[in-house]
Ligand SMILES: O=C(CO)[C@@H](O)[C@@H](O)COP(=O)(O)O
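One chain comes next, on its own, written as structure tokens: the form predicted on its own.
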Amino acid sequence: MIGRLREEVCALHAELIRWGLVTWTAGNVSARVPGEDLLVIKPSGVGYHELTPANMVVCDLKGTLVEGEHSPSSDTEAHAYVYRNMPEVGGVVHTHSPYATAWAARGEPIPCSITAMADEFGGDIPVGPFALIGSDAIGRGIVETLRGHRSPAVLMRQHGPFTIGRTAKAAVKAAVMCEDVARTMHFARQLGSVERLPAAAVDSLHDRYQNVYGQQKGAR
């Protein structure tokens, strides 16, 4: 299982590059190891072109290195805190994608004004508190903000987006879509004021997308 997750987490980091969500060595993807109090995450300061399944590191859910030759990502304690406190989460992603990070710099939620955003996020993308890197403080902010919220994304104030998912792939998808709607809403704001979708419409769109759209059982 750990070997498979190392391959998956390594491959998902390539998606961050593909979608323009990171630069240099910034950003990270992690995955919970099912049935174990462990996670797999990117090593700290290693270039994306150098990443291999073998140099993904394994940590416990306090962020302590268990297996690997490199130091874990500086965000590991934040990821670990999320896994400890949100058992439904199987993957966590952090990027510095430019448009989402611009909204984070302003400390402003991204308003739910388009159907694609209602589909994916079920409302506004919220802002979490400012927290320094290197402890579980960021993780605390993520959990406090997203617990009970339909959005799988949070904009950590003056830092950047973090996303969660039932799998690491789902968390990467949320990161891609977060940047997409951040860009769209930025462009819309340049044209004038933008109204939020009615709450009933958001609920309907979110329910359909999550439970009917695509290859869900019973989809049409």
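Counting begins at 1, following the sequence as shown. These figures come from a predicted structure and were not determined experimentally.
Below, we refer to the form predicted in complex with the ligand, which is not included among the displayed structures.
> Tell me whether 42, 45 and 73, taken together, all sit within 4.5 Å of the ligand in the predicted bound form, counting heavy atoms only.
So, yes: the whole triplet contacts the ligand.
> So which stretch, 100 to 108, 114 to 122, 74 to 82, 141 to 149, is the one near the ligand in the predicted bound form (non-hydrogen atoms, 4.5 Å)?
Of the options, only 74 to 82 has residues within 4.5 Å of the partner.
> Taking any heavy atom pair closer than or equal to 4.5 Å as contact, tell me whether residue 65 reaches the ligand in the predicted bound form.
Answer no; every heavy atom of residue 65 is more than 4.5 Å from the ligand in the predicted bound form.
> Find out whether any non-hydrogen atom of residue 26 is located within 4.5 angstroms of the ligand in the predicted bound form, and reply yes or no.
Yes, residue 26 sits close enough to the ligand in the predicted bound form that at least one of its heavy atoms falls within 4.5 Å.
> Verify the contact flag for residue 159: yes if a non-hydrogen atom of it lies within 4.5 Å of a non-hydrogen atom of the ligand in the predicted bound form, no if not.
Heavy-atom contact with the ligand at 4.5 Å: present for residue 159.
> At 4.5 Å, heavy atom to heavy atom, what parts of 83 to 98 sit next to the ligand in the predicted bound form? List them in sequence order, or say none.
Counting only heavy atoms within 4.5 Å of the ligand in the predicted bound form, the contacting residues of 83 to 98 are 94, 96.
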